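Heads up, the chain shows up twice below as structure tokens, two forms, tagged structure 1 and structure 2.
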Structure 1
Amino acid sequence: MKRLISFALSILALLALFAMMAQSPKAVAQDAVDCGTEPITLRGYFETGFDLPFRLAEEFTNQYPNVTWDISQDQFTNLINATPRLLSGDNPPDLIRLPTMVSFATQGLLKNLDDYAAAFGWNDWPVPQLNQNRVAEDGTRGSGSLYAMGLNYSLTGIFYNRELAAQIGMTEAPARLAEFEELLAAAKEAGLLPIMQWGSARSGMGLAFPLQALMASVGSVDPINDWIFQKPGATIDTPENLVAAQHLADWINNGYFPEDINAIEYTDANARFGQGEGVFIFNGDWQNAGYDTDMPGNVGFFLMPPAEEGGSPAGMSAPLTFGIAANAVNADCAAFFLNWVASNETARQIGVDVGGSNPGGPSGLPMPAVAEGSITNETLAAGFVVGEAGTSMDFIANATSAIFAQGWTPELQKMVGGRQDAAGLLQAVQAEYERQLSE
């Protein structure tokens, strides 16, 4: 009997030990998700023309001197083409700017961040911060496992030169699409360039910004998001989007954009706007610091107005998405950096000052101070409007890994050159989208 009791106690002890062993890796993993104290070099691949990740990397090293950076950078469209090769290489970047993510997640090239989300408590953050970076087992976005995080949460809309806008009689932001188009016509009549925008293949065609804004103005954002998230049966070729594309074609034909738009780089467009060329420009709040520097006190911002009475303004509101390569050497440190970006007081302040955007993070953290007179005050306020209205969208360039480079950019350039019309644009992009999904 004593032997039996002793045997039973031994079995219970072993079971308890196994239970502890099963739990301990998770506990150790949570405690170990940092950058340690030994020298580490984080390899980054960032997008050219955006100062935020570089400034954050610099501050991170200030706070964690054992971490240094080896950063490469490239244009957005080049990132799209290079990302598969970079992620699948023998020495992939620890942290990479993701122009799109679904195919990389389903191909196993991106690290699944669910364990890090549990370790850092990311799942307790407001849902919209994470859902755009989730990929389900069927390859659709918006739910499922987490494969990326945002360095901040940006918003797009329409910036304007206050002095030039006053010259064409604009005293307040237009409330309807028709009012905005009247302002464009007035600018043209006054000998001003109505809209500065970029369009080179290297930067990616910037006319995708006003086109998507027009789509949300004349229709609902839901079909747009369904298409971006690759929901079954989703199409960009809808009657509402045809109306929007025809508006854009009319703007092109009316001479509302620069004649050389197909050759203008992103940085050049912003520099020319900052020097007074163009009444309006469609862009994102990541450019706030540049506009405040180039034209202090002379830049304003508003969301694209709805076409119909009772509609709500809309804007692209999406994370500045970064992921970790599946085979990254320093994945824990990269994840620690992503958490630091959203939770550290200094990092959050950089997110607002340099990125011009909501830094996200836990809902209980205060919003960093914004300089008085900064355009960031207007873009942050607009973000709350979009949030309340539920009219936020991801970017139509993010629908597939190559839709921007192989769909939107060439077809919009053809439209500028008079070789594509509104209907053909949507049909061609939808065909390219379906081709890419079938591969």
Structure 2
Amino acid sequence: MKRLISFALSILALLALFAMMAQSPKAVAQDAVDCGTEPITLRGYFETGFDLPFRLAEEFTNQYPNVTWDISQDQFTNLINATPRLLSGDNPPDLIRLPTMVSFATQGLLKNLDDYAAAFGWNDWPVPQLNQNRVAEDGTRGSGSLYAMGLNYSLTGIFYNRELAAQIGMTEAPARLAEFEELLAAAKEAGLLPIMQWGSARSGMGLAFPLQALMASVGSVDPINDWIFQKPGATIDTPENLVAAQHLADWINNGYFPEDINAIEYTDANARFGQGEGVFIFNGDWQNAGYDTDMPGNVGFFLMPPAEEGGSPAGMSAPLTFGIAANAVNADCAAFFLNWVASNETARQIGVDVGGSNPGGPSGLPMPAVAEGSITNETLAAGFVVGEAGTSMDFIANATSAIFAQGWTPELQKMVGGRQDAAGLLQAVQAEYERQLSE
């Protein structure tokens, strides 16, 4: 019976799809890369729980009424699984949130955006993050043809509860790793939870954030980026990273994280932090709006401080990556949308208000105003620091499509459970990385 119902439903869905296909007009060849004046329906595939693309789509239709949207959405983990089939399907999305991109680019599923970059002048944009969306012919990331654009450029660091931080005597952001660790110890001493973090397999292990922050604090960001970009011979199992992993192991053993971290979901960790559980949390500026709502005026932000004197604070920063399917019907209009997001004043304002991150775009454009007292002021300022110092990194969770699910998450969970040590963690993840790259 169940099978019959699902069959009937899929038939209905297919019929609906055909109906939509019949409605959407084929792209007309035009000289200018824009959305034309004819009615056009852009097919979007967005990530559930993140309002920004939906709000941008809405505003785009306000400004270009001939463009309507047909948007599907899914959770991030489901996106990873569904993307190859969506892109290779008969009716691929015009605009899609890309969890990872190298394999899709090398498999020819993504549109090469070099022509659009030339037409819109994207190559002159100052944001170095454009490089994260470039894939070379040998499949390494960081240089080569452009295959995606960012709706904005996120930044990760350490959020803190101002009241609790004052309680443990924190008057300004720590300038050295050692100072930060003193604060953690003071928090523990005071009977507070030093760091709230998520760690369930379903959400993905949130300890990857403090671990990578420690890696960049102890060592330099370049070898980390090389590893993420799959440069030949790159390894995560370096002496610096071992020191970093050892710090994390100590934090775990000292009880700096919640004891139930292996069962905490992303949303629950943020809710509990918002309710005053935890002095610090490692997270990204996409959560700004949530923190502003949950703890208005009571949240602060700083970048992971360096271990050595003279070092620069570093942070993970990545574009909120959107690509265009190689066979997309309305590729021109989708590219026009991507350009509009970064250059239109209203769109940039939405990017900052809703997304909480730097909207990128051409140099010389003013940064949109941010509401006073919003945490976004601090994250945007921190973004300039990282940009100046050149210490931004992509996420170690994004090195391959399965390294997070099969490497970092289980091995870090084992570390929490006392079944993995710092050296074993790096060896196991490196072995998994090499196995996946050899496939």
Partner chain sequence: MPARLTMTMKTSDNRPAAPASSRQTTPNKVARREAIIGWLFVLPALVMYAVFVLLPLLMSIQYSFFRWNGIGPMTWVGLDNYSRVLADSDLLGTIFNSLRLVVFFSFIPVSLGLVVASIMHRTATGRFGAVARTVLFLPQVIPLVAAGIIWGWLLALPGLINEVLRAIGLSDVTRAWLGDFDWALPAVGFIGVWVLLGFCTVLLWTGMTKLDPALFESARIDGASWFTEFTRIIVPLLRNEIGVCLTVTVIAALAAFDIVYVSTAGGPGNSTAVPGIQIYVLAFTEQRIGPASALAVILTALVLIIIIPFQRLNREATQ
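Take the two forms, find the largest set of C-alpha atoms that superpose within 1.5 Å, and that set is the rigid core. All residue numbers here refer to structure 1's sequence, counted from 1. Values in this document were obtained by computation on a predicted structure and should not be read as measured data.
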Block containing the form predicted alone is structure 1
Comparing the forms between structure 1 and structure 2, with one rigid segment turning on another, which of E372, T171, E38, P232 falls at the hinge? E372
Rotation (°) of the smaller rigid part relative to the larger between structure 1 and structure 2? 11
Per-residue CA shift, Y116 (Å; core superposed between structure 1 and structure 2): 2.9
After aligning on the rigid core, report the distance the C-alpha of N66 travels between structure 1 and structure 2, in angstrom. 5.2
